[in-house]
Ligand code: AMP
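What follows is one chain in structure tokens, specifically the form predicted on its own.
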């Protein structure tokens, strides 16, 4: 059975897409810790990030770096933090979270709520900054 992330890639479930290429997909987390909280996933369905082939995981980090730079440029943050948890969805993924403090990337914190319009505007702003 396809994961929710595979269904997002296939367009079966809507998402706030930021950027994609033939192997990776970046979109806003709908339960974010901060405005601009983004997920980066491989298009190949693999449960555990560290089961990916070396070349693929390396290329995924380069893809994530490009997205993180756009987040850093467009969100009000000191840095973009990165987390790999891998417990909530059985599909390898990286969280890119705009942070100003060490505790901003604490996943036990309450998640933020944004309107559809706000999510769309954030996704468009980050997408426009990708180079």
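Positions refer to the first chain, counted from 1. Since this is a predicted model, take the numbers as computed values, not measurements.
Below, we refer to the form predicted in complex with the ligand, which is not included among the displayed structures.
Task: Of 29, 59, 35, 72, the one that lies within 4.5 Å of the ligand in the model of the complex (heavy atoms) - done: Answer to the contact question: 29.
Task: Sole residue of 106, 101, 45, 88 within 4.5 Å of the ligand in the model of the complex, by heavy atom - done: Checking each option against the ligand in the model of the complex, the one that comes within 4.5 Å is 88.
Open item on the list: Considering non-hydrogen atoms and a 4.5 Å limit, does the ligand approach residue 39 in the model of the complex?
Closed with: Yes, residue 39 lies within 4.5 Å of the ligand in the model of the complex.
Task: 4.5 angstroms heavy atom contact with the ligand in the model of the complex for residue 130 - done: Answer no; every heavy atom of residue 130 is more than 4.5 Å from the ligand in the model of the complex.
TODO: Find out whether any non-hydrogen atom of residue 2 is located within 4.5 angstroms of the ligand in the model of the complex, and reply yes or no.
DONE: Output for residue 2 is no: heavy atoms all beyond 4.5 Å of the ligand.
- [ ] Within 4.5 Å of the ligand in the model of the complex, counting heavy atoms only, one of 92-100, 61-69, 48-56, 74-82 shows up; tell me which.
- [x] Stretch with heavy atoms near the partner: 92-100.
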